[in-house]
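Read the single chain below, which is given as structure tokens and is the form predicted alone.
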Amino acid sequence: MLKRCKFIVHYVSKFNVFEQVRYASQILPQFSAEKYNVKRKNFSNVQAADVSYFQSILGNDRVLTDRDEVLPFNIDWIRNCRGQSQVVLKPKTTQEVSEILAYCNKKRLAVCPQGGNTGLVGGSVPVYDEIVINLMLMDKIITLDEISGALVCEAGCVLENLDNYVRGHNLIMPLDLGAKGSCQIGGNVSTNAGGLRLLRYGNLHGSVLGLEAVKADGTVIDCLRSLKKDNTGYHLKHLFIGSEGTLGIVTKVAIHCPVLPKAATLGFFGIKNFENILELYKSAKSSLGEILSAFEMADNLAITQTVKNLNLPNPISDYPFYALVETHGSNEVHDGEKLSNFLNKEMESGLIMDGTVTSDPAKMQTIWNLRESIAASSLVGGYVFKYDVSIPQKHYYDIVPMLKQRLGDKASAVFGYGHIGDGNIHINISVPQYTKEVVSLIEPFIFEEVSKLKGSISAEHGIGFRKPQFIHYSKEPSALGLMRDLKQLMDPNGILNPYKVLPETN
């Protein structure tokens, strides 16, 4: 029986959930270089004279060398990767980034650009002793054009802070992520983050109007335009969007912010099977049209584990699958009529077995928090393998039961959830502990299956450190060759985020 939300709101901010789980274990992960048998490249080692130079630019307080202070910058959020950096730099300006890179390029000192460090493929932490350049202090909002919706800001701005700021001007950020309380816009752009509302607002390749970036040699590339139409030669900004800091460090971003919807509604529904999820999605596209802003799914285990591990409320009963449907519109009466017709139709058809619908912001946040906390909940106890792939929607869930059968009792949990609207499924595999035997059962099997379906081995998390050896499942040799040519042209000494994105050549 469909009902309005009546459960008590137990709001837990996404930032607190992420941070709570991030530091839940005090056991340090194994060094990435040892765990994955990576050979150090021929870079220079940091010397006392190098540290003194950085201090002359930044001052002593923005050059971290104390082991305990540096440690958190060496470990990724899911505690899968651990680097060996001994120096963390915190620039405040593009000029400082430029001076740092020019020096490091001349000295052949490798660097690791870092934002909020919420990535899931090891791209934001060092592998060996790369110098971490963390942009957290570059957090100024520069301008906001309320007519065009163009926001210009520095790369270290936290996504949630930006969203709160533009909401005060009747706008919203075009992306929304579970980690928005700590991730930074520069990292979002550098990884081409997707998020929860890509179905409505598109990906960052379309939303980013312009950017500023610094090349390996310190050259500042100023493409910081805020025009929607600028057809003057090569679109250089796209070289940096999704390049994960391997071609340059993004320092400023101009991004288009859509108008804040006047009417927003969220439904959370229990569904009998995955086939019905697809039928419901087709119906939602047809019935809701332009007001459909998000269509998410999660299987039973994804939700029940999150409820249990993080003590979050589930507003409806136990079902094999769940669908989360959100609408954004400008007319509450018009949108409400559309949504009501959709719900009545699919309750009668049996596609929706049970559910709850609300327009109350606090209750909407509680439902979204349940969905957005799935990633964090899987980190409670044991070790988790996380995969982010795009698959044609008719095969979207096929790989989850395949992995359950393949792993058997070696896995304590295998579940899937994600963005039905863009074909992006997140697959989590929980095991008691990391073993190479389990890895051999998962990789490259999962990527082979994705490749057979003409899918992508990385939908929105990037390639980072964990997937370069598998990128050929999604990129042809000619494309990889062009990527290597671009890397050689823009970073001939290879100092920018080494060991990431591109596979090693013999």
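These numbers were taken from a predicted model, which means no experiment stands behind them. All residue numbers are counted from 1 along the displayed sequence.
Below, we refer to the form predicted in complex with a further copy of the same chain, which is not included among the displayed structures.
According to a 4.5 angstroms non-hydrogen atom cut-off, is V158 in contact with a further copy of the same chain in the predicted complex? No, V158 stays farther than 4.5 Å from a further copy of the same chain in the predicted complex.
Does at least one non-hydrogen atom of D422 fall within 4.5 angstroms of a further copy of the same chain in the predicted complex? D422 belongs to the contact set for a further copy of the same chain.
So in the predicted complex, does any heavy atom of I457 sit within 4.5 Å of a further copy of the same chain? Result yes; I457 sits at the interface with a further copy of the same chain in the predicted complex.
Is there a heavy atom of N37 lying 4.5 Å or less from a heavy atom of a further copy of the same chain in the predicted complex? Result no; N37 lies far from a further copy of the same chain in the predicted complex.
Taking a heavy atom within 4.5 Å as contact, would all three of G59, R67 and K92 count as contacting a further copy of the same chain in the predicted complex? Negative, none of the three is within 4.5 Å.
So if I measure heavy atom distances to a further copy of the same chain in the predicted complex, which of the stretches 77-85, 112-120, 266-274, 322-330 falls within 4.5 Å? Stretch with heavy atoms near the partner: 322-330.
Contact residue in the predicted complex, from V357, L312, V220, A413 (heavy atom within 4.5 Å of a further copy of the same chain): Result of the distance check: V220.
Of T304, N192, N369, S430, which residue is found within 4.5 angstroms of a further copy of the same chain in the predicted complex when only non-hydrogen atoms are counted? Among T304, N192, N369, S430, a heavy atom within 4.5 Å of a further copy of the same chain in the predicted complex occurs only for N192.
Contact set, 197-217 vs a further copy of the same chain in the predicted complex - heavy atom within 4.5 angstroms: The stretch 197-217, when checked against a further copy of the same chain in the predicted complex, contributes L198, L199, R200, N203, H205, G206, K215 at the 4.5 Å heavy-atom cut-off.
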